[in-house]
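Here you get one chain, nothing else, as structure tokens; it is the form predicted on its own.
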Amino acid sequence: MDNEIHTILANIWFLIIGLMLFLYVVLDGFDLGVGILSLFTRNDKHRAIMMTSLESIWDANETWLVLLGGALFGAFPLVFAITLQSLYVPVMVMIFALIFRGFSFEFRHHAKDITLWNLGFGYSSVLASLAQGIAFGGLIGGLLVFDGNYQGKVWGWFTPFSLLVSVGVVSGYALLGATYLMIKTEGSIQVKCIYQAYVAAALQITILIAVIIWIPRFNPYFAARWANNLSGPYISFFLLLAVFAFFMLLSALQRRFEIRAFFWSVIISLAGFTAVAIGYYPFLIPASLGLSQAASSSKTLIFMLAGIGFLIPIMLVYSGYQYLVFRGKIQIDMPME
């Protein structure tokens, strides 16, 4: 009975952490995507509009990453320890890139020459996205873990597979950023965002399909789950959902349906992530560490539910209110180049 309760609690926390990761990917994803796209414009007014669209929300979006790290540390401390031990380099690169991105964003308001800070914001957005993608690719690509300790090399996570995943993450964030900017802009900048969304979407769906087809070739467990009559149809369903969302996104872009374009770009990421999660379930560290094995004690999980369970609705309401207050198109009184 105690084991059943512990398994249920571990699964609840698996879903909560999955929700936090999804919210971070969507909210800070479009945030990072705008930073990536800022490197592709030479128009100062366009760049000013892009930056202004983030001013009231960018720091709150990153709160989900902090909450995610805290929840993972409390609910699955062994996973937290192994992840940091094995993926120390990309995690540290991501943190430093996010820090540099933050003060580049703030300092550009006070600098006489903002060129350096604009470039700093853009390139640190790219670097943070690449680091997140490589860390995620290294994790699902397989870490050499034995008896709860990472046994691989310092650069063991750096593989062609993790590089492909990192490019997929950058393209996914660029797509979220482009469709977000569609909502916040109009005129020539919106036209440019639509074109960028086409390119990013084509790249993302291609990489997503390639990654999911590639995984079973080196991971027998994922291959078995996909061939299984119970879990296989779900993996296929979410892969097909991602393809369906891609075509719905193309339709929305063609008709300039702003909200729908952002919605379908979110669905592509969600469907791809869910297909991978089902393929590896119940492992948190693929083929090494399962949910129940990695979870904290039942008392800890229950205690955390009382705190986090109270905090998540507050953050959701706060974020929703923030987007409601700052809704609408960005208008800047500045001559067009």
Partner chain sequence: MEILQDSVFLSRLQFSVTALFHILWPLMTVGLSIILVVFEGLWLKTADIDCYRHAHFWAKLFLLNFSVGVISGLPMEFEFGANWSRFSIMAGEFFGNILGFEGAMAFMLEAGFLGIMLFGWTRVPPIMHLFATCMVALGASLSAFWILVANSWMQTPDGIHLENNRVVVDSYFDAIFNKNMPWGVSHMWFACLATSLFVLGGLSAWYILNKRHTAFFLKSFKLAFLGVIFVVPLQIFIGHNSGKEVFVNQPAKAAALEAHWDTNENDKGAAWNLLTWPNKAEQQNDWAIAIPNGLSWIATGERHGQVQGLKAFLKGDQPPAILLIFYSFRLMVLIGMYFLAVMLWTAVAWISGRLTVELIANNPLLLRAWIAAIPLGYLASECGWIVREVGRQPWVIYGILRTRDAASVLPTSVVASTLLAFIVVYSILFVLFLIFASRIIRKGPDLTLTP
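Numbering follows the first chain given and starts at 1. The shown structure was predicted, so the numbers you read here are calculated from the model rather than taken from an experiment.
FYI, the form predicted in complex with the partner chain isn't displayed, but the following is about it.
Interface membership of M315, defined by any non-hydrogen atom within 4.5 Å of the partner chain in the predicted bound form, is confirmed.
Under a 4.5 angstroms non-hydrogen atom cutoff, the partner chain in the predicted bound form lacks A210 among its neighbouring residues.
Taking the partner from the other structure, the partner chain in the predicted bound form has a heavy atom within 4.5 Å of a heavy atom of L98. Taking the partner from the other structure, the partner chain in the predicted bound form has no heavy atom within 4.5 Å of any heavy atom of N43. This chain is drawn without the partner chain; in the predicted bound form, the residue among W117, F246, W226, F238 with a heavy atom within 4.5 Å of it is W117.
Residue-level contacts in the predicted bound form: of L270, A60, A277, L39, one residue has a heavy atom within 4.5 Å of the partner chain, and it is A60. The stretch that touches the partner chain in the predicted bound form, counting heavy atoms within 4.5 Å, is 106 to 114, out of 168 to 176, 260 to 268, 247 to 255, 106 to 114. Contact check for F14, G18 and V199: none of the three has a heavy atom within 4.5 Å of the partner chain in the predicted bound form. Taking the partner chain as it sits in the predicted bound form, the stretch 264 to 279 never comes within 4.5 angstroms of it through any non-hydrogen atom.
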